[in-house]
Ligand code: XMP
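Read the single chain below, which is given as structure tokens and is the form predicted alone.
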Amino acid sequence: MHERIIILDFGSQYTQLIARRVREAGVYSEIHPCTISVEEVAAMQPKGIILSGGPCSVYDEGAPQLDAAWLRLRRADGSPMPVLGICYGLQAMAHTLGGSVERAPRREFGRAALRVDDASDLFAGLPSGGTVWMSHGDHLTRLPEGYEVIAHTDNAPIAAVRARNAPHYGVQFHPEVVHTEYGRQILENFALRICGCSGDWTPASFVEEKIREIRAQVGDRHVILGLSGGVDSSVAAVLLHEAIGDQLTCIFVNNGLLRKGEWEQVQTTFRDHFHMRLQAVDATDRFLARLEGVVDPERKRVIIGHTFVEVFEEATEAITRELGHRPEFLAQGTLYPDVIESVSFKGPSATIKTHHNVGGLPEEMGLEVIEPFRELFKDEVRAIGRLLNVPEAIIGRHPFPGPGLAIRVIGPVTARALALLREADAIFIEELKAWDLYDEVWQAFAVLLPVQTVGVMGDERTYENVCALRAVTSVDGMTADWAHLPYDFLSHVSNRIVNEIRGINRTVYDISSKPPATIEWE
């Protein structure tokens, strides 16, 4: 394993961003709950530790505290462990060491100009006066013994600190967010300059190591993988095929909830282009029969999930008969955010969707699980896909929900509603690409609303469906803003939809951001 930096999660909404920024510096980073023991982390032999922000005050009942043992920790070579506390992480350090943390006279949220007092290490190469992002209600009013101020703002006399006799640092702002002007360089300084990491962790090195690891794990046995045609499962399939060839069989289930042309496109790509063993199962009728009359989105997810497991098991039995023995491994495209959600110090996240395959297949089928991307973020998977020559049409594809179009048909799922939605969605995506806007948005799709409105087409009065268009910009999907698409573009798309799709006579554009809305409607 490469050098690593461990991030202790105190519940910040930005914790994943810290890991991403450290990895951008070429250093592998892992997130663990702040409740993990010092001994467990010491056994991982990290090069440094970052303490995340968090929503609590250090004085709140039940607020996570920092054991002083973390600040006495040493690395494998006997040197003191570098530590960087961010916002709550800084306050937890100060509180543990006898400093004073108090409620600020006013909550500081937003941009501030950072005045650098010492640019010798954490702020090396940074100009004074750069913008940083503040988000805190408490602040330090007295430093712990042995600490000194290395940066301030007009509102925060203690904006960054350093221990005089140990490589321990703290910042009151959030260097991980894009609003902090030199945040990436600050985290790079910590990882490379202070922790002494070499910065040699790259997607290419990951591919080489993962292929060796898969070959050693699988040996001469057989692996099955549920292929959806999305980025994660597609790149996982190509990586596994690179490692073990025909010892991999992919199972592609048509649940009747795919986008236009997807059933044919996935088969062509993986059978003809990559020459993979592919078991394609069209279970459209079964899924739609079970979804008939169902309106509640959670019930939709449960039905789709259970039916998928059933169809997948049947496909596995067919593969078993073909091979003469049962496959021993199940591969999945699980990503690091899914893993982080499930080990949060606050407990398993309620936001994990019940349709996520990780939750059902392994227990049901008794197979050993291979998750080659469980340490990676989606942008890293995309980079690996490009190294493996996965077509850009797959790599650059927008995220698509596990339940497919079922949660974009608001109300009962019917064959007619799905047909209308497929055509509208295809027009929207086709025009985004034609106008060179597809790669400018994080996700775009159409939603069919359970609303009919009066319209006039020619001399005829119509009473037909409303289609909503949704497009958002985002870095990672955790927060999102509605995409400010050109009016001429929206007018053109609307005109195509209502003229070309009999059954839709009105389009609307969703201008809600996340939060307070979610990206998907259900």
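Note that the structure is predicted; figures quoted are calculated from it, not measured. Note that residue numbering follows the sequence shown and begins at 1.
Same protein, other form: the form predicted together with ligand XMP, not shown, and the subject of what follows.
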| property | result |
| --- | --- |
| Residue contact check: residue 6 to ligand XMP in the model of the complex, 4.5 Å heavy atom | no |
| Partner proximity in the model of the complex: residue 199 to ligand XMP, non-hydrogen atom cutoff 4.5 Å | no |
| Contact label in the model of the complex: residue 241 to ligand XMP, heavy atom within 4.5 Å | no |
| Contact of residue 435 with ligand XMP in the model of the complex (heavy atom, 4.5 Å) | no |
| Site test, 48, 85 and 165 vs ligand XMP in the model of the complex, non-hydrogen atom cutoff 4.5 Å | no |
| Of 175, 333, 403, 89, the one that lies within 4.5 Å of ligand XMP in the model of the complex (heavy atoms) | 403 |
| Candidate stretches 230-238, 387-395, 438-446, 215-223 - the one whose heavy atoms come within 4.5 Å of ligand XMP in the model of the complex | 438-446 |
| Residues in 196-215 close to ligand XMP in the model of the complex, defined by a heavy atom within 4.5 Å, in order | none |
